[in-house]
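Shown below, as structure tokens, is a lone chain in the form predicted alone; questions about how it binds or moves come after it.
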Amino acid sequence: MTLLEIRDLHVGVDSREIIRGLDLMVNAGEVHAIMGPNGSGKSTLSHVIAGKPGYEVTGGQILFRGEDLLEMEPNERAAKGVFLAFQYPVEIPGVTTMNFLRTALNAQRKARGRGEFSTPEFLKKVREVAESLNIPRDMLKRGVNVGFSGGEKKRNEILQMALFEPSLCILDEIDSGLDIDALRIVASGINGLRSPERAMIVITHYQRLLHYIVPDYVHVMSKGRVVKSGGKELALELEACGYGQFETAA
């Protein structure tokens, strides 16, 4: 089943075109890696799918299960099952991680026509998932991402992903700023969420992440469009030869 279909997408910021006619199709159960140099439009693509303000879509479509995502507000997209793990997760002083998670999760369940979790149900679920990601309980009592290390912030993103159970997970440079141990923990949490009903888009510069999260497909972006697609071996080619070979194609 096709979850996400992007057709001839054009996106600009401040009258400057960033994405120039991008096409992409993602089916349920698949993991797609999107690689490319800085400025190729990778993060812009993730933000536009999730509905982050500040981008102007000047052409094309983004369909999620056949529905037009561009007609939905960000919260509607999240309720439909779209999740974005940020490269730089924001800090929210004064709001504990536990309260944030409970408010967001129950709001999402309500939007999907499901009942809210009781306090005991919620605590049990959060603690089970947090333990699997090596997240200590005291971290759940702190302000959202306030004083967190890079690894803690990324594990917090994966914790949210596990709780919200999205159909489409977009991971925007989730490996950014992680040491090797933190990368393994985060990758293990992500791999634990792979399923036949869920698709993932993994955005990264580097092959090292794809040693742990092995993709079904790899796409190379350059100058706002996909210039080459292939299997997991394409990432190894990029590591060996770099992105320069695709500049002409772009």
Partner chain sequence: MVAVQETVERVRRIDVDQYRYGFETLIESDKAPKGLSEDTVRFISAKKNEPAWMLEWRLEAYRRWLTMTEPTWARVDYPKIDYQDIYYYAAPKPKKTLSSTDEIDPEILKTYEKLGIPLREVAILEGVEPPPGGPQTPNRKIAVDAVFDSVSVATTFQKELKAAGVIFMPISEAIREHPELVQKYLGTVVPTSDNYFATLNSAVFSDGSFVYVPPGVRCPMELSTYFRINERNTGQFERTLIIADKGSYVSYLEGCTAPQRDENQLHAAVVELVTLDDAEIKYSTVQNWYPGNSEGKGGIYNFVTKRGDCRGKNSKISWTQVETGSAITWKYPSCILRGDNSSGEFYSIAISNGFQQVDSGTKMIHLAKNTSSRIISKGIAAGKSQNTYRGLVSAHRKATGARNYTACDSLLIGDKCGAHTVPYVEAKNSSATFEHEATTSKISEDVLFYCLQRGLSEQQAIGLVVNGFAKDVLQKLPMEFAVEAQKLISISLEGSVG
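It should be emphasised that the depicted structure is a prediction, and the values quoted were computed from it without experimental measurement. Numbering follows the first chain given and starts at 1.
Beyond the structure shown, there is the form predicted together with the partner chain, which is absent from this document and is the topic of what follows.
Contact here is defined as any heavy atom lying within 4.5 Å of the partner chain in the predicted bound form, and by that definition not a single one of Ser167, Gly177 and Ala187 is a contact residue. Checking Gly150, Pro136, Pro74, Gly147 for any heavy atom within 4.5 Å of the partner chain in the predicted bound form turns up a single hit: Pro74. Looking at Asn99, you'd find a heavy atom of it within 4.5 angstroms of the partner chain in the predicted bound form.
Although the partner is absent here, Pro53 lies within 4.5 Å of the partner chain in the predicted bound form, judged by heavy atoms. Heavy atoms of Ala130 never reach within 4.5 Å of the partner chain in the predicted bound form, leaving it off the interface. When contacts are judged by a 4.5 Å heavy atom cut-off, Ala78 counts as touching the partner chain in the predicted bound form.
Heavy atoms within 4.5 Å of the partner chain in the predicted bound form are found in one stretch of 61-69, 203-211, 45-53, 179-187, which is 45-53. Scanning 72-86 for heavy atoms within 4.5 Å of the partner chain in the predicted bound form gives Pro74, Asn75, Ala78, Val82, Phe83, Leu84, Ala85, Phe86 in sequence order.
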